[in-house]
Structures are given as structure tokens and as C-alpha cells.
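The data below hold one chain only, encoded as C-alpha cells and taken in the form predicted on its own.
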């Protein structure tokens, strides 16, 4: 069983805590993605599992083996790096064969595995070429083949698609997921800063920030029920809009007083927000849940257009309500708008998020 378990894992580089008491369980055959911004600790976590770094505290398990002190070559994991790390003086065949040669696998067995992996990835006709003669997508397949021939218990992938162009990345996202999860059925831990990759490929996502795991859940869970403001702002394109203000009671109604605008809060949220009356909170609204109108309508609030981005089927409208903060709405309809124009924006009443301003945690 290739379950991967991290218990209170800590890694420091001098005074910098790169991985801060990380607890993570990756189930057998699961496709887990570590998602977060640059410097959040996701690649260091992957390197700790691979044995390229040693934890300062905590335990790392693969199956029923504690692997903290086990040599990287004996952990039965295969890692694919962002750079692919192919040897330029070796042919594709030799690159794929290399880890087997180092492990002293018999020559006939090496050949069988190389041919099998190359056939599986559709690169049989490339075996006599050198890396410089390959496209980015072909190089990525060679790096994968080199990992596959080892027949590992766990695949570790560190941003393997980041060097590819946008069109090829879309194609390879699908192929990677199908290959590792559906065909090989191998436990996979995949590092990326690209939330689209995470949302489309993962069984579960571990969102990381500043060395800590902020939330673990399915793509739908982290999108629809973010645990805190960081997750809410990181997941979603464009990012979630945040409105800061005081929660005020107006008779039986609650409103968010931003200092220049009072935003009505639907009664369905009253119970969960009651204890926050009189306190500062944050309301989150995804850009897709805001409609834009050129004339006043009920429960719509004034704003001024400060920019827009036409994207064919969608239009990103940037607006402000206080001349300081940039909010974004995503609209499908075609609108005749101009910079500086007053518009009226209306949030979807069933798609609001609320957060404790002090802790940043979600209010449910």
C-alpha cells in the first residue's frame, strides 16, 4: 500500500521555516496536488518525501515504512522535475534506461521496460534522438518514461508543465492525469502554483502558504467552502473580491457598513453572523457572482468603471466604490460601457462568503 503520511514535519533553512508542522495523508492511488504561491513550501515538502532534503522534525511514512533515514534510492519513489533534467549527451533510450542501469537491472529487463514505457507514452520513434532534437512536450514524455520504468510506489512531480506553451499544457494536463491516475494507478503528489492545473487534475488539493497547509479538500470543496481568506483569494480566476466593514444591525436586517456604503446581507446569513454584530468582518464575492447594470435596480450599488478586459465570451469589468479598491465583475452579456462611467453592481444573494477580519477564518 503506497499511502504517504507526513506527521508534524518541519524543515528550516537557517532562520527560515520552509515547512512548518505539516500534517498530510495521501491515500493509496490518490492524485494529490500541493498548491500555493512561490516560496510557500510545496517543493520543499516534495523534496522531503523524495529524500533530497532531511526534515528537522516530524515523521515521513510511505506505506508502513518510516523513511526519514532511508536513502533516497531505496524509497521506491520517482521524481519528475520542472527542468526534466535529461542528459544531453545521451539518447532518449539511454536517458530512460539510466535509472535501471544504476540499479543494476539486467540488460534484457532494462530493454523490456524501456520499450514498454516508450510505447505507453507514444515515443517509440524517438528512442535514437537526443534531447536537443525534441520539443518541450516530447522531453516531458521522456522524463515521465524515465520515472515510469522504475515502477515506483509513488510519483512526485514538481511543476512538470510550467515550461510548456499554453496549448500544450492543456493537452498534457489531461494526458498526465489519465496516465498516472487512470492507467498506472500510482499514488501521485504533484506540485504546482497553477490553480487551473490543480482544479482539473486533483483528487484532493492541499493549499499551502508560508510553510503551512491552509486547507485540504476536493477541488469543489476548496472552491465552494474556503477555510479562510487566503484560500478564498487564491482559488478562483479572477480572485475573489473582499469588502471590509462593520457588521451593523438595522432593525431585523444586517448590513455591512464599509464606511461609504451599506450593503444589505440576506436573512439566510443572519444566524451565522449574529455574534459578529458590532464587529469588523470581511465579505467575499466571486467576480462571476456579480451582475452589472447601467441603470439603478433594487439591491444594486453604485460604482465607477476604472477598467475593462474583453475576453471574447466574457468581459472583466473593474470598478471601484471608494476610489481606492479595485473590484472585478465577470459578465457574459455585451455592455456598452466607458471608463469613468457609473454602473450599478449587484451580488448574487446566495453566493456570499464571510470571514473574521482578525483571524481571516471563514464564518459559516
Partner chain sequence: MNEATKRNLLKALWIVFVYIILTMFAFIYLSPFIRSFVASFMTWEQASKYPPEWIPHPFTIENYLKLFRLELFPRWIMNSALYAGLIVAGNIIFSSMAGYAFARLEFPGRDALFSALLALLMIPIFVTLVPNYIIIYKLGLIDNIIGLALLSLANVSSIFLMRQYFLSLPQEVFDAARLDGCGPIKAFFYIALPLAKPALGAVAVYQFLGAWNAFLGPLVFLRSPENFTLPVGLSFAFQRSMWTEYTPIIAGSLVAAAPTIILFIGLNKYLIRGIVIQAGKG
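Positions refer to the first chain, counted from 1. Keep in mind that this is a model prediction, so the values were computed, not measured.
Although not depicted, the form predicted together with the partner chain is the subject of the following passage.
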(Q) The chain here is shown without the partner chain. Which stretch in 175-183, 223-231, 253-261, 97-105 comes within 4.5 angstroms of it in the model of the complex, by heavy atom distance? (A) 97-105
Q) So in the model of the complex, does any heavy atom of residue 273 sit within 4.5 Å of the partner chain? A) no
Q. How about residue 268: is it within 4.5 Å of the partner chain in the model of the complex, going by heavy atoms?
A. no
**Q.** residue 278, heavy atom within 4.5 angstroms of the partner chain in the model of the complex
**A.** no
(Q) I'd like to know if residue 88 sits close to the partner chain in the model of the complex, meaning any non-hydrogen atom pair within 4.5 angstroms. (A) yes
Q. Which residue, 290, 240, 79, 126, has a heavy atom that falls within 4.5 Å of the partner chain in the model of the complex?
A. 79
Q: Just give me the single entry in 67, 305, 50, 315 that has a non-hydrogen atom within 4.5 angstroms of the partner chain in the model of the complex.
A: 50
Q: Scan 327-364 and note down the residues that get a heavy atom within 4.5 Å of the partner chain in the model of the complex; none is a fine answer too.
A: none
